[in-house]
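Below you'll find only one chain, the form predicted on its own, shown as structure tokens.
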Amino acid sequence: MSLVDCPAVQAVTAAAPLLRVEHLTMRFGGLVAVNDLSLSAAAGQITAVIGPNGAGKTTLFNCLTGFYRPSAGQLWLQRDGQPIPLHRLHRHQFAARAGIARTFQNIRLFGQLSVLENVLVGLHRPLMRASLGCVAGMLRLKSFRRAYADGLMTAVQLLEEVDLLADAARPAEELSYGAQRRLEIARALATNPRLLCLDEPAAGLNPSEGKALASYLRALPTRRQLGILLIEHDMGLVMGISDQVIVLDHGQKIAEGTPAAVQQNPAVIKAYLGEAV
């Protein structure tokens, strides 16, 4: 029996979390934005990271997605049974090698491109690989035509999933704010991520848009076989869809657990949700 086929090894691999953050510290000169932070997130679940402004949430995301290299600590993402050391990767490797995608607090779409073209941007890597350095694309070789047709089908499916297929030909800048949020998620999903990092996806949405987003996100980990790491200030959405909630304050973890447990945590009530009256 090979080591891979050993039941004990398979059990350990199956139980391994999708993401492990171990003793992460991020300093900017004399400012410590994240201090000795450890956490984990599971595949097929939504893990929310909450905390007041300046708690270190976006700094954590920037370390996880290659925008910052941590001052100390280790970041691991499980992919195809192997732990990928994120803290050793270059920024351009995070999507391709680790399978991490993200959205931003401030929407970053290509406004003058069509809705469909914005999603195709997320398929840039496989399309460029199929184009053989643009040669196959210029010559319209069969292999490139097939890859482009597959990419187009993927983009159409994603737009249908986020209810934007009818707007496929419109410039992205003409969409409502809520629709732009959904388009940014669709573009991130086009990269086929293992971990999807969403930075305040409900910001600026009206109640009906927020309710629709919550329903969509709740089903997404199972539908797409991925994990979601969520930063969000809308506590109704966080508590309604999250499997695990991690609370940061001044760069340190002060609580973690189920939404119900976190809501009752005295440290959370004091630091974030407000003092009990």
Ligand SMILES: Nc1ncnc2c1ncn2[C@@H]1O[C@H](COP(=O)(O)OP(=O)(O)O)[C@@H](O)[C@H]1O
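Here the structure is a predicted model, which is why all the values come from computation and not from measurement. One-based numbering along the sequence shown.
Separately, the form predicted in complex with this ligand exists; it is not shown, and the next lines address it.
From the list 204-212, 30-38, 218-226, 235-243, the contact stretch for this ligand in the predicted complex under a 4.5 Å heavy atom rule is 30-38.
In the predicted complex, Q45 stays away from this ligand, with no heavy atom inside 4.5 Å.
Among heavy atoms of G56, some come within 4.5 Å of this ligand in the predicted complex. Although the partner is absent here, Q105 lies within 4.5 Å of this ligand in the predicted complex, judged by heavy atoms. Shown alone here, G66 lies farther than 4.5 Å from this ligand in the predicted complex, counting heavy atoms only.
Along 180-214, not one residue places a heavy atom within 4.5 Å of this ligand in the predicted complex.
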